[in-house]
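Given as structure tokens, the chain that follows is alone and in the form predicted alone.
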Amino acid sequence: AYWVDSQQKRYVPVKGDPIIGIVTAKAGDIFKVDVGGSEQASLSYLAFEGATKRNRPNVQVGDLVYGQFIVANKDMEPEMVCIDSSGRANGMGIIGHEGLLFKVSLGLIRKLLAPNCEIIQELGQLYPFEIVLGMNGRIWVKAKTVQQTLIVANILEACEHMTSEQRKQALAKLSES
């Protein structure tokens, strides 16, 4: 598959895309989720691992959820789930309350999700951190301290406009301090 790498700002939902959404409303059995597209996505309470009519997931308005689209086309409301095709969470679900959510360009997300991306490996040598990358341009990151979390986020945002040499120099400066 090929795609044109442009600096598009608005995310267009694509079936199967891993995304980070923000729960904006609870309506009966459905959560409404802001995914950064032109309309909100729906998320059923049954779309979580282990969820049943009796055992509902504890999802609140304002929660961050990591999931994927099962319906994404221009004629229908996007629908997301937090389970894979075999009903397992597989890393999806509610994202922890600590940590930092920020937006980057869709081009940078593609770069960070590339299999041989050095940026995240290099950052991991600086500080241990957790990261969730959404194809909708959202990144959630959490390191040991708030300061380390902010440093990791700032480097991720800045690396879009850095050469790998500039990035290595910036990381080297940080590791000295």
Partner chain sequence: MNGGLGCSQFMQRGLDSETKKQLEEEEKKIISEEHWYLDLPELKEKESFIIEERSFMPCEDLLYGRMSFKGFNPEIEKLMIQMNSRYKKEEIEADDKMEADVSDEEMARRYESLVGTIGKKFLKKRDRHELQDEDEDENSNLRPSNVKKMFLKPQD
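Residue numbers count along the first chain shown, from 1. What you are looking at is a predicted structure, and each value in this text was computed from that prediction instead of being measured.
Below: the form predicted in complex with the partner chain, not depicted.
*Asks:* Since exactly one of 124, 62, 28, 50 fits, which has a heavy atom within 4.5 Å of the partner chain in the predicted complex?
*Replies:* Flagged contact: 124.
*Asks:* Could you tell me if residue 160 has a non-hydrogen atom within 4.5 Å of the partner chain in the predicted complex?
*Replies:* The answer is no: residue 160 has no heavy atom within 4.5 Å of the partner chain.
*Asks:* Using 4.5 Å between non-hydrogen atoms, is residue 110 touching the partner chain in the predicted complex?
*Replies:* Output for residue 110 is yes: heavy atoms within 4.5 Å of the partner chain.
*Asks:* Applying a 4.5 Å heavy atom distance criterion, does residue 66 contact the partner chain in the predicted complex?
*Replies:* Residue-level check for residue 66: yes, a contact with the partner chain.
*Asks:* So, in the predicted complex, is residue 92 in contact with the partner chain at a 4.5 angstroms heavy atom limit?
*Replies:* Heavy-atom contact with the partner chain at 4.5 Å: present for residue 92.
*Asks:* Whether 14, 130 and 135 jointly form a contact site for the partner chain in the predicted complex is the question; each needs a heavy atom within 4.5 Å.
*Replies:* All three within 4.5 Å in the predicted complex.
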